[in-house]
Ligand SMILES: Cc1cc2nc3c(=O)[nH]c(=O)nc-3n(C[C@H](O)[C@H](O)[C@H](O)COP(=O)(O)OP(=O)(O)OC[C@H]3O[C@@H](n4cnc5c(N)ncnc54)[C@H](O)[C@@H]3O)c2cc1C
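Single chain ahead, written as structure tokens, the form predicted on its own.
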Amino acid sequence: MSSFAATASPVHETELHDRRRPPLTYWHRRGGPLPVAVDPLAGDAAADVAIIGGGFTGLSAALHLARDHGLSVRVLEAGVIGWGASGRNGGFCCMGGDGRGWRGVWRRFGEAEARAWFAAQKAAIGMVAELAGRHRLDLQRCGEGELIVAHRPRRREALEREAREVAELFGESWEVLEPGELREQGVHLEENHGALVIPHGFGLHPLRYLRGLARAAVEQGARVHERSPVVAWETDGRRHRLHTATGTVRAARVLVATNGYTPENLVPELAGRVLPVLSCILVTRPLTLSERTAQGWTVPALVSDTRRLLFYMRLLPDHRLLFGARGGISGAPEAFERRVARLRQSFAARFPAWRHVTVDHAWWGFACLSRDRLPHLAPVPERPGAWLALAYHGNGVAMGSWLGAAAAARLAGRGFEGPLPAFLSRPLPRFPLPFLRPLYLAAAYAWYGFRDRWP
């Protein structure tokens, strides 16, 4: 099996997994120093824990395993550090990770689990900030809290309902702003019918954060290997052998931390368990002060709207506007060009004063959904000593880092000190008839698009 085939998913075009194609993102143009001591695996090696995937989850796990638990670690990343979703996302370090909502989690799992989930999401944000201070990570932190803007008048009711739920269930007071109040705070876009203020979260430079995690993990003794895709995984009792094109790692424990880039062809136990979905991002040229004033967007707020196929946006430290959206069925190059064109039209509709502004960067990558709409930190079936941590539903910066730390405790055989709801350890279910996932996705997008347009 070639490394290219082993790291692909059957849901989208194989080319989207081609690590030989460098990511053309804004983050990579301004990503800071490259991590050192992350050469490809060469020869045979042994470790207490082998980690497949060098994103937020995998590198957080490696750092915590080496620093807090004193275990030897080998991280095997298929591309260069930051090639995948951890180097392609919007840099929203915020609450989230599931697709059920607060009330849905409460009803399904009960009060204690819902409170633990709420606390875990807040703690995850705090942990990113704590790691940055402790290990000198260059986050380029920008913007505090998050705003959810109602894109239709009736969607304001949903925001008010969420504010009531948070007060009732968790005892926090989240404000709902009037449209005029949002403009007064320096955030103005079309389709503004009020906004929910979430007081937790901040913006960051995701690639600088990730490269900092890689450096910190190496400094603590972990071994990180980029350009080392796992092409075969053998399990003999409780021992594992992970093969790359240039070497082998023997380990008693394994963590799969690959999220939307999970190599489903690697072993049968990983097949059909996640649904990668495309998210596309544009970044403009720097906006002048007069341009920012003309549009009425003058602060570095983190904003998303109430669509199921949501738009998300933030003003970056160098005054560029990042604008992204979920959606897209095909990953073909011509489909990408169409997607960028549609996103450019949506940008102009929401920011009419910036219609003339050029776009300097455009890219896309995968978010990751699970069948039960929950993230998972769970054992890999039929692979003793192997765990997986993934499925963040588009909110992996904080939650991926948090579950990496939690996975480290599990792999070390110790308890995790932070809040961690038990439902996260439920087995990751397969999608029924997983070869039909592209059709499921197309049907869901058609339905969500209809609902998003409904008044």
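For every residue, the number given is its place in the sequence shown, counted from 1. Owing to the predicted nature of the structure, the values given are computational and were not obtained by experimental measurement.
Below, we refer to the form predicted together with the named molecule, which is not included among the displayed structures.
Exactly one listed residue, out of 297, 312, 233, 118, brings a non-hydrogen atom to within 4.5 Å of the named molecule in the predicted bound form: 312. Proximity to the named molecule in the predicted bound form, defined as a heavy atom within 4.5 Å, holds among 76, 114, 369, 301 only for 76.
With respect to the named molecule in the predicted bound form, the three residues 63, 377 and 402 uniformly fall beyond 4.5 angstroms at the level of their nearest heavy atom. For residue 257, a non-hydrogen atom is located within 4.5 Å of the named molecule in the predicted bound form, even though that partner is not displayed. Of the heavy atoms in residue 437, none are within 4.5 Å of the named molecule in the predicted bound form. By the criterion of a heavy atom within 4.5 Å, residue 99 is excluded from the residues contacting the named molecule in the predicted bound form.
Residue contact check for residue 365: one or more of its heavy atoms lie within 4.5 Å of the named molecule in the predicted bound form. Contact with the named molecule in the predicted bound form, judged as any non-hydrogen atom within 4.5 angstroms, is confined among 31 to 39, 389 to 397, 420 to 428, 64 to 72 to 389 to 397. In the predicted bound form, the named molecule lies beyond 4.5 angstroms of every heavy atom of every residue of 165 to 184.
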